[in-house]
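Have a look below at one chain only, the form predicted alone, in structure tokens format.
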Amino acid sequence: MTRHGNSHWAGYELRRARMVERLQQMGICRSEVLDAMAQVPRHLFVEEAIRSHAYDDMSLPLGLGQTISQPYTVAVMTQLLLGEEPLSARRCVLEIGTGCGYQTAVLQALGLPEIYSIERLRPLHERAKVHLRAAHLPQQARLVCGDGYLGLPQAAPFDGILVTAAPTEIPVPLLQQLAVGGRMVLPLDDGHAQFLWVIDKTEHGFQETCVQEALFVPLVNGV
């Protein structure tokens, strides 16, 4: 690689390190999440024309009316998904809304044994495959093109479900596919604002916790 190329990649490394420092200052405290955010080359998941902003704390357009969430949103959702449990408690995880594949990559960087991700838009599904191959992460994810609202019953139950688009109500199929002891993190849109919720499934039912305000693209029911 040329000297120019080396400095170019080193620049991304430095920006990613600064991003992780910023996330820590913003309250991301779980070391596994910080390590995963440090490991994933976010610039590979955005268009070349806007790569200079890849490590800024902002969402970026993907086309097709979709966005890649800001790094803090990805980190906080990942941290919420893990909760205070060891990584082994989230052995099998389902992501709804693959998008460009960045959140998927962060789950891979955690080293979770089973990761499934559903994307309803075929162009994004195919693009995510390319991005994830380019990232060269050790763990693999199984990508599915389909209706995320319906989940993936053939692979259920899931120890964790991460929804990266906002429905107006919690999709019942996803609740049904959550294992006892499992956790779902999702944004909900009440028509006026969106809030991030954590849903824990116990032997006695569901425990719902509203965490903070959020901003996501809508979750569409139907391919």
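From 1 onward, residues are counted along the sequence shown. Everything numeric here is computed off the predicted structure, so don't read it as measured data.
Below, we refer to the form predicted together with a small molecule, which is not included among the displayed structures.
Visitor: I need the one stretch from 28 to 36, 193 to 201, 66 to 74, 173 to 181 whose residues put non-hydrogen atoms within 4.5 angstroms of the small molecule in the model of the complex.
Guide: Selected stretch: 66 to 74.
Visitor: Going by a heavy atom distance of 4.5 Å, is Ala54 a contact of the small molecule in the model of the complex?
Guide: Judged by the heavy-atom cut-off of 4.5 Å, Ala54 is well away from the small molecule in the model of the complex.
Visitor: Would Tyr116 count as a contact of the small molecule in the model of the complex, using a 4.5 angstroms cut-off between non-hydrogen atoms?
Guide: The answer is no: Tyr116 has no heavy atom within 4.5 Å of the small molecule.
Visitor: Would you classify Leu132 as touching the small molecule in the model of the complex, given a 4.5 Å non-hydrogen atom cut-off?
Guide: The answer is no: Leu132 has no heavy atom within 4.5 Å of the small molecule.
Visitor: Report whether the minimum heavy atom distance between Leu62 and the small molecule in the model of the complex is within 4.5 Å.
Guide: Output for Leu62 is yes: heavy atoms within 4.5 Å of the small molecule.
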